[in-house]
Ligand SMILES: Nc1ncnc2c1ncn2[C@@H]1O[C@H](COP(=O)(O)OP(=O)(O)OP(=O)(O)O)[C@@H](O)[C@H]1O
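Single chain ahead, by itself, as structure tokens, in the form predicted alone.
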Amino acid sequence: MIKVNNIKKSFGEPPIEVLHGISFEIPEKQFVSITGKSGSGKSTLLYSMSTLDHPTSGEVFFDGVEIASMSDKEVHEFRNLKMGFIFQFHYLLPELSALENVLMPARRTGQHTVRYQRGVELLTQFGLSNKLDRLPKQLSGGEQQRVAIARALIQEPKYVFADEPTGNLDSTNGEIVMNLLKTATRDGNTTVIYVTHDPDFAALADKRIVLKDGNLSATEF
């Protein structure tokens, strides 16, 4: 479970508050969207609750453990073993093949050998069985993003955070990407939290967190 308690986030000097005391809970194995108009604080919230950034104040708990109570080493290990990240841009390493890119998180934890077959299976599931050895430049935009999703899932993370994962894709590839993420919650033990501005993709969620001007406007089930 993720618990967010009175999260606030400010930027600049003098500080401008972007998030104004947001609280909610997310049970396990949920498919959760964060929505709102441009500038409402969607990505700031995602980064603040995912350990990629620190809230100015407030608390974030994963399975009852507050992130701020962890050492830097513990946060790093937790992120590597329990979390996956997907962004609007795929950030694949250009000199590595699709499969090598997928296995990068496992390589960081010394598990790339035991995770090799899972990498092959993920890319096969994502329709890329004949492109395991292709470099990113040899793949379409939709294929690159599918590789990025497989990379996020290679460690079988408990939590996946996605920031506008369909932002650079056409509607067909966007739908493929969202269905793959939805499957991760249905078939695995993964909670997926994603930022989207697309109402159709937001509607796929089990739970919707709606922001307005840095405030929690609604949580919808």
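Computed from a prediction, not measured in an experiment: that's the story for all the values here. Residue indices: 1-based, along the sequence shown.
Absent from the display: the form predicted in complex with this ligand. The rest refers to it.
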Within 4.5 Å of this ligand in the model of the complex, heavy atom basis, the matching stretch of 150 to 158, 170 to 178, 40 to 48, 61 to 69 is 40 to 48
So in the model of the complex, is this ligand close enough to H20 to count as touching (4.5 Å, heavy atoms)? no
This ligand contact at K212 in the model of the complex, heavy atom, 4.5 Å: no
For this ligand, considered in the model of the complex: do all three of K3, F24 and D198 come within 4.5 Å of it, counting heavy atoms only? no
Of the residues spanning 93 to 122, the ones with some heavy atom within 4.5 Å of this ligand in the model of the complex are none
